[in-house]
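This document starts with one chain, in the form predicted alone, laid out as C-alpha cells.
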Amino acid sequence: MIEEAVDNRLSIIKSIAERIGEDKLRLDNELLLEYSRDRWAQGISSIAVFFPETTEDVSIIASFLYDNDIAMVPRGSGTGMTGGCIPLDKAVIISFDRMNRILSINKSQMTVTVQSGLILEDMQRAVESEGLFYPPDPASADICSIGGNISENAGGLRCVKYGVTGDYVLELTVVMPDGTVSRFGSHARKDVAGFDLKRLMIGSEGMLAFITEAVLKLIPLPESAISYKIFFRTSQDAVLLLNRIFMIGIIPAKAEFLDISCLNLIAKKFAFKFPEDAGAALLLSLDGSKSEIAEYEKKMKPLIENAVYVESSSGKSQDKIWELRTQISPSLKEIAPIKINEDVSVPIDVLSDLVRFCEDLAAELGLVIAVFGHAGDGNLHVNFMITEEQKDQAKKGVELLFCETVRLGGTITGEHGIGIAKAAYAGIRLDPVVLKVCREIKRVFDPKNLLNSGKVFYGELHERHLTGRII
C-alpha cells in the first residue's frame, strides 16, 4: 500500500511537470537530500523538488499538490538557523532559486519589485547603483534570498537604526496553499484598508502561503560613514558606552558587541592581538551626511577617552574594522564539535543584565558560552560551544537562558525564528491565548495543514522533533 501511495504521488508530480515544463522538476536523490536541509539540521529527504520561474508556476504546483493531499515546503536559499524550511515528513520542496529577478526599480517612488528568490546582496548592489538604499543586512546577505528574509523577518547589523526586513515590505504577491493567487498590501507607504495580511506573512516561517514577489521600500543612500573599534575592560563598560551614545542623540547604523570569549577565539584563529586588559569590544558605524559625521565625531570624543583602545576609520578602510565581526563564526567552528546558537533579544536598558547572566551561566555550568551580536537593538547571539557529552548541560543552559530573557521582558528569538529548533520552548515566550490564535490563523490559510506543517506551534509536534537535531 505504501509503494502504491508513493507511485501515485510521483505520477501526480510528473503530471505537474508536464504542465509547467519538465526542466522545472528534479528527482535525483543527491539533490533531494541537499534541498532537505538548512544550516540547523538535515530533514527527511523530499519526494521531489520543483523550480518554478513565475507566480503562475507556483500556483499550478500548489493547486495540484493541495488537491491530492501532498505536503509541500517552500524553500529560499536554505540559510535558516532553526529548521524552518526542512521537511519533517515526505513532502515536495518548492524552491525559489530560479525566481531571482529584479522586476523593476522605481526611483521616483523609491521602491524595488523583486521575485522572492533574489539574493539580497544582488538587490542591494542594484539599488545602490541608483543612489538608493535597502538597509536590512543579515550576515548571510551574499547567499540569502528576499523571500526567506521576509518569512523570517530577518534582521542584521543595521537594525539598530534602520529596522528589520518587515519595516520595508509594502506589498506581497502570495500563492495560497490551494493555489489561489492574491496580493497583500499595496505600493502606498500608508495603507490601513482591511486587516494587515501582509504583516501576517512577515515572520510566518513559510507556513501560511508562498511569497512569490515583493515590493520593497527604499531610502536615500547615506552620503558618508565612520566606523569605530573600541576595547573595554569589561562587558558592562561596553554596554554603558552604548547607552550613553543613545542618550546624546546618536543612533548608530551598526553597534556590535563581542565578549572576551569571542576575542580570545579570534586571537587564536587569526593571530589577532588585542589589549591585554581588554574584556570586551564594541564595533560602531555612524552614517549620514558629511556634516552629521563631523558632528558625531565631536560628540564621540569625550565618551571614548577612557576606553582601553580606540580605532576609527572612514571610506573603504572601514572594512578592516568590520573584519573582527566577520571572523567570529569561522573562529567558533574550530573550538568545539557542536555549536548551539541562540538569538535572544531583550530591551536595550537590560542588555547589561543579560550579558552578566550569560557570564554567570557559563561559570555555573562549566561551559564555554561565547556572546556577540547586535547590541544596539538588544539582540545577542549566545553560542554554547560543547562536546557530545555536554549536551544535557547545554540543554539546561538554553532553557535557563530563555527563561531569564523572558523575565527581562525579552524574547527567545530576535531574528532566526522558532522553526523546529525552538518549538519545545515556544510556550516560554507565548501564552496559551497567543498559541491558540496562531493555530486558528494557520487553519484559515491552510485547513488541510499541508504547507510546511509541524513547525513552531501551528501544528502537531512529534516527540522526535523536540529532542534535538534531526539527523
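Each residue number is its position in the shown sequence, starting from 1. This structure is a prediction, so every number in the text was calculated from the model and none was measured.
What comes next is about the form predicted in complex with another copy of the chain, which is not displayed.
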Residue 456: heavy atom within 4.5 Å of another copy of the chain in the model of the complex?
yes
I'd like to check something about residue 391: if you look in the model of the complex, is any of its heavy atoms closer than or equal to 4.5 Å to a heavy atom of another copy of the chain?
no
Determine whether any heavy atom of residue 429 comes within 4.5 Å of a heavy atom of another copy of the chain in the model of the complex, and answer yes or no.
yes
is_contact(residue 440, another copy of the chain) in the model of the complex, heavy atom dist at most 4.5 Å
yes
Only one of 430-438, 27-35, 60-68, 43-51 sits within 4.5 Å of another copy of the chain in the model of the complex by heavy atom distance, namely 430-438
Establish, in the model of the complex, whether 140, 263 and 341 all lie within 4.5 Å of another copy of the chain, using non-hydrogen atoms for the distance.
no
In this chain shown alone, the residue from 305, 364, 277, 196 with a heavy atom within 4.5 Å of another copy of the chain in the model of the complex is 196
Please tell me which of 285, 352, 204, 173 lies within 4.5 Å of another copy of the chain in the model of the complex, judged by heavy atoms.
204
At a 4.5 angstroms cut-off on non-hydrogen atoms, which residues of 332-358 are near another copy of the chain in the model of the complex? List them in order.
345, 346, 347, 348, 349
